[in-house]
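Shown below, as structure tokens, is a lone chain in the form predicted on its own; questions about how it binds or moves come after it.
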Amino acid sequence: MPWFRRLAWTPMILLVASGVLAQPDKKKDDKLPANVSYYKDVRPIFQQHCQGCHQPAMAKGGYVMTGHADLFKKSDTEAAGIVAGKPEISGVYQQIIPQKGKKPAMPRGKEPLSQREVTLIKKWIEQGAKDDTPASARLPSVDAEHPPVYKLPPVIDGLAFNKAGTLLAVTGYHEVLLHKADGTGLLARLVGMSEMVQSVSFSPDGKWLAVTGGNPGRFGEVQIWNVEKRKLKLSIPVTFDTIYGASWSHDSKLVAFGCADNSLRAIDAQTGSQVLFQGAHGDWVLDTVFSVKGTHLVSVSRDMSMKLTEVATARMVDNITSITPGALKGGLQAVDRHPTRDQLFIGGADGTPKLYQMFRTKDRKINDDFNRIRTFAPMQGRIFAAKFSPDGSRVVAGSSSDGKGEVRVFETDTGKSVSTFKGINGPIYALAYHPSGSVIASAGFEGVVHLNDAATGALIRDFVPVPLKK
């Protein structure tokens, strides 16, 4: 995985610094610290439970909770969020405790904070609500009014064309950049909380953009953006690490994704409510895709398996790939589904693209790999991206090996090689097929987006997707 980032921020961003690892709720009998730390104790609670609705991109109630100074400001109700030394008149504290026999108002629509979390916040306010953020972690604010500044292009982990073929979404640092599909101009910058943005996916109806990412070792996040308005609809904190592989159900109602806690999850795209949890994988889940009718969900993982999950019951019903030791050489990184058939194109650590049927038609036997339809010619290194063409007649895979990259197109039904792209100078981590089927976008470590002719591999255009500071 491309964990490193060639970012242009000064000072250098520390992905995991001492004391910043957000931890799950402590046991109720854990002793509270004598002096509550904003940075270690309180800030992680706000990140996990509050900042999804109270951030610069979506400040519900006119209140932002992403910075220490923001906490002391007034909301639309003219009440101060935090009053140092006085939890009884601090709006934030009053919102997280029961009032007149009613459950806490916040977090809205979710389970109340644990008693330990509430006590930590109260004690921190009583002790003066001080900011003990280390100097090394005091980074410049990043929001729509203060977008990221780049001196070098960032590594690109995700690309997606919209249904109309007019937009190309490109991942950056703390943001997704919306470009004209032909690469001739930057149209919008969707700036959010996640430092590391791992995947982007437009909804089938073209109205929404799902984004997955997070801050490594601290929190994961799913963002749902209104494409037309360029506005953040939902920000859902999930787990305590970056999340991957966003995909949409056919009706644009559900978004699935994989997590570094080995889980596969799905949420309602309108409410953000979790509707599916599957914990059958033994390692990080890196990519997902729904079946044609949306009844099942497929996930691939570093555990060298591709699993089939029934959406209605959240039950893992099959290992699509062989589970025989040695049958798969390394973990799986990418999966895509044929536009009209329940067939799956996958790639991973062994560098060999493969085509599978989704549903088993005979009983599993030891040593079988019955669902495999076809194996394509091996590629250089590891495959990080795999996509079907819009009509399903072709597939494309992108790989990385020792600082070099490769993109190859194959015929789906014959396995015949169609083209190998020209102009690829570095590892490839992301691919996207234009809805016309004639152009493929690719990108990766070098931070440049390539647009190539899908049939010939000829380079049409390449461009740096971020504005560079001279």
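Just so it is clear, the model here is predicted, and its values are computed rather than measured. Start at 1 and count along the sequence shown; that's the residue number.
In what follows, reference is made to the form predicted together with a small molecule, a form of this protein that is not presented.
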Here the chain appears without its partner; judged in the predicted bound form, the stretch of 347-355, 372-380, 94-102, 128-136 with heavy atoms within 4.5 Å of the small molecule is 94-102
Complete contact of C50, S75 and R108 with the small molecule in the predicted bound form (any heavy atom, 4.5 Å): yes
Check whether R43 has any heavy atom within 4.5 Å of a heavy atom of the small molecule in the predicted bound form, and answer yes or no. no
Taking heavy atoms and a 4.5 Å cut-off, does G67 contact the small molecule in the predicted bound form? no
So in the predicted bound form, is the small molecule close enough to G403 to count as touching (4.5 Å, heavy atoms)? no
4.5 Å heavy atom contact, F421 and the small molecule in the predicted bound form: no
Contact residue in the predicted bound form, chosen from V227, I224, L276, L113 - any heavy atom within 4.5 Å of the small molecule: L113
Exactly one residue in G437, G61, G415, G426 has a non-hydrogen atom within 4.5 Å of the small molecule in the predicted bound form; which is it? G61
